[in-house]
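Below you'll find only one chain, the form predicted alone, shown as structure tokens.
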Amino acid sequence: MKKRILGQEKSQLVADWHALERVFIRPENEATRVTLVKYMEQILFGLHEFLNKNVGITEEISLKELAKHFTDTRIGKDPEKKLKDVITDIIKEIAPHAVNVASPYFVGHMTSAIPFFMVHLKTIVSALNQNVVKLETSKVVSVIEKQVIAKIHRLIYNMGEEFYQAHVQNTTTSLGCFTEGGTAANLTALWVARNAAFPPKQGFRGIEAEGIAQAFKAYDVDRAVVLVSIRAHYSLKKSGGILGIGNQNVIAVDVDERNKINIDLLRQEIDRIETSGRTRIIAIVGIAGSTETGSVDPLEEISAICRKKKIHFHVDAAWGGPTLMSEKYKHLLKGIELADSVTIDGHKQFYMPMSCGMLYFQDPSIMDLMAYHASYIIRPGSVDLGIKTFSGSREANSLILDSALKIMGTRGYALLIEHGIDVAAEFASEIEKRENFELVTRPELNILTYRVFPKSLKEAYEAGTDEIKKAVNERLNEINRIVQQAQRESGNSFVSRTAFKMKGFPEEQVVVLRSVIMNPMTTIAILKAILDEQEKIYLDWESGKLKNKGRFRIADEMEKKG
């Protein structure tokens, strides 16, 4: 009996104890060993060449077409393929339809190339299979995790040698924790902030024990809120739902012309909340590298407000945190050392494999507010790291980061950070030189937004009424959606897109192209080529060479308006 899968025929295999022993303990045969070594050698020692050869950006095939090959929902009773065939299928059939985030032409998301040595480290961590929820399943790796947490904590807070010697391996305090990503880190930070805002008191055992309803009753309030920028990551709103305060109570404050939270509006919102009464602000969040624009909020000013009002100050530095390793640019994050808690992602600008998040606290004892125990694993009195983490079982990401810091050093990482920021600034200047483009948000770190804005439409916009300007913007939104989709589907390069309200369009969503410059191989020459491709796509579409051309014409609208 044979099955055809993605164009390949495979003979049916049989599951028995002998076969199980063979696949579980060692390679099935010499052919399997040769295939495994062949591809692993390419991946381990020629990662970028391998990806460019086997992936490109991605093959030009629609998801709908791909999905047709993956509709069999049955698990075979017996094995379908040998290991060597599975490996070959992944390399030949799956990889070409994945996305080559290592390509220097992939500049659209916060996922990029990883150093080749990261694959070695990830392989070792997988082989060791340590579970850092508990010492009995990790031992020395838990000790290393506390050490690397202290290293990054020192990068943020720089408390001094005496402080770190007191806490680096202290079994009763915690400087932070590893999580699966920034979402889990932000959730954990707000979880701690919520518990700190409703602590135990006479007749009340605390919000963690008794819940939201009893907490509100005990503290005579009707709701709890978190204040964030409108550029904040969606994980913060998600946290409101999970923590029971309601996502509508994660209140977004508008930004200024630099896409930073507007401090005056923040103060006004706080005054409004305090005047209305019966509301507790459990945290204010500052962003250090927003997802859409890369902007950094005025952290020192937010901190001053939080200290005065006794509100937990959290900084979401999932993206921008590693900028602290650059002597040239660390000033951009000035004030982060004043935060009560800080999120940083390892799989972003620490260039680690997916997925790794981290959370750090200024107060080494504050994580006691979310400690849990279980008699079979994290018993009271034990020093297991899982006592004070949202996650249970976790892989040893700390081992990868610790090794990477030793291999790269802060200066090595600084070179990567500085390259991204410098090239983003060059890219912004190039966009401004081109008559068919408009720079929307100037980069502060290494993220910027822009849009295709043809010269003819600029003239129409500048001369037009408010209605004409609105019509122009609608047209631009259509153009930029089409250009981004066509460029993505062609598979040569990739820039993402987003939409947000901006000055001049208070009631409208403006579609923009978003570039994230974090690949050290991405040069201004490559970015110029990406702009050339986008301009050609637009011109081809406008001339009718591309399908799905829109029927709307701005000239027609102008004629109607007289």
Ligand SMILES: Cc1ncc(COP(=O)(O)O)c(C=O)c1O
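Quantities reported herein were computed from a predicted structural model and do not represent experimental measurements. So that there is no doubt, residue numbering starts at 1 and follows the sequence shown.
Keep in mind that the form predicted in complex with the ligand is missing from the display, and what follows is about it.
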(request) Let me know the one among 183, 229, 397, 100 whose heavy atoms come within 4.5 Å of the ligand in the predicted complex, would you? (result) 183
(request) Only one of 177, 339, 318, 189 comes within 4.5 Å of the ligand in the predicted complex by heavy atoms, so just point that one out. (result) 318
(message) Given that the ligand is not shown alongside this chain, does residue 291 nevertheless sit within 4.5 Å of it in the predicted complex, heavy atom to heavy atom?
(response) yes
(request) Could you confirm whether residue 270 comes within 4.5 Å of the ligand in the predicted complex, counting heavy atoms only? (result) no
(request) Spell out, yes or no, whether the shortest heavy atom distance between residue 345 and the ligand in the predicted complex is within 4.5 Å. (result) yes
(message) Residue-level question: is residue 153 within 4.5 Å of the ligand in the predicted complex, judged on heavy atoms?
(response) no
(request) Tell me, please, which stretch of 347 to 355, 451 to 459, 160 to 168, 189 to 197 lies within 4.5 angstroms of the ligand in the predicted complex when heavy atoms are compared? (result) 347 to 355
(request) Pull the contact list for 229 to 251: residues with a heavy atom within 4.5 Å of the ligand in the predicted complex, in sequence order. (result) 233, 235
